[in-house]
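Only one chain is given next, in structure tokens, and it is the form predicted on its own.
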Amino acid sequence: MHSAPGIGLGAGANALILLHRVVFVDDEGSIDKRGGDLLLKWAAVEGLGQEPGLLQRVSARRTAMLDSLRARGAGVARLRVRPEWRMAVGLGNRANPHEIGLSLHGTYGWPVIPGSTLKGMTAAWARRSGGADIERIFGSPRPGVDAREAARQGTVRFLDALPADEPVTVTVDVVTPHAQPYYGSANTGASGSGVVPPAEHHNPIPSMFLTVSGGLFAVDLTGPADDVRQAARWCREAFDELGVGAKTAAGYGYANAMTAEG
């Protein structure tokens, strides 16, 4: 149990509820920073509530579903993805008043890499590589490209990547902006005189956020066999060349992706 006066969090608490539905306020009705700090501590120590037994059962259900698709003739590919360092996916989603951003599973609250994120990363690498059949595999129209035909769905489906068989490691990280009043006023949508100019006399203010720093994700793709094989190759290369999520220019988001057997 992680606790502060009047606040207690158990190991099995659902991270989706805690991080997306709960706000801690003080007696004045303002955001209680102790609550945010407690959430971060709980997230790192308890791994955002990843219960190993439940995680293995969910992984088994995902595998059974893929086996069923394969038995019906669909193409299936699985990549096992291990972060090289840290991964920050969902950092800017502002899903709670404490501004702790991390993409979480919609039921279990575990860290995930959304399928939309995987598809966007893979499509970006495919476009950069000059790959053929991009519109057929990813759908159309593609961003920044005039549609050559009516809008349609891509042939390959990217499923949300789940922790593979065991919990992934959750780590608290920190960024320290040196002009926080400027960023704070700019983010409110203020303009003109409402924006505080950046200046050297502003004090640096540390800001904590959550990352995934270890473990394995299972990335699953389904669709026509040839297209799935091509998309899986692009996805594998994209993890190595582009990285996923936020702060890739600072070294976050890069990962080793291997094709799993079966």
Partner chain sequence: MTRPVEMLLLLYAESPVHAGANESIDVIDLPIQREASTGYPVIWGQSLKGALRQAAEDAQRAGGSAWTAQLVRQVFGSAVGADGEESAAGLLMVGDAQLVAMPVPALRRTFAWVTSGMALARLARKYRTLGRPVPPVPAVAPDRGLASGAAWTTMDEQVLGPCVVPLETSEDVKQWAGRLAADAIGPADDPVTGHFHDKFVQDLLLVGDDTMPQLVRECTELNARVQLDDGKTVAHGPFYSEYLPAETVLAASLTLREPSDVSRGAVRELLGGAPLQVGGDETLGKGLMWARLEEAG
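Numbering follows the first chain given and starts at 1. Everything numeric here is computed off the predicted structure, so don't read it as measured data.
As for the form predicted together with its partner chain, it is not shown, yet the points below apply to it.
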Contact check for 72, 127 and 159 against its partner chain in the predicted complex, heavy atom at 4.5 Å: yes
One stretch from 109-117, 163-171, 176-184, 79-87 that, in the predicted complex, holds residues within 4.5 Å of its partner chain by heavy atom: 109-117
Heavy atom within 4.5 Å of its partner chain in the predicted complex - the one residue of 44, 196, 38, 58 that qualifies: 58
Contact test in the predicted complex: residue 17 vs its partner chain, heavy atoms, 4.5 Å: yes
Residue 205 within 4.5 Å of its partner chain in the predicted complex, heavy atoms: no
In the predicted complex, residue 101 touching its partner chain (heavy atom, 4.5 Å): no
Residue contact check: residue 229 to its partner chain in the predicted complex, 4.5 Å heavy atom: no
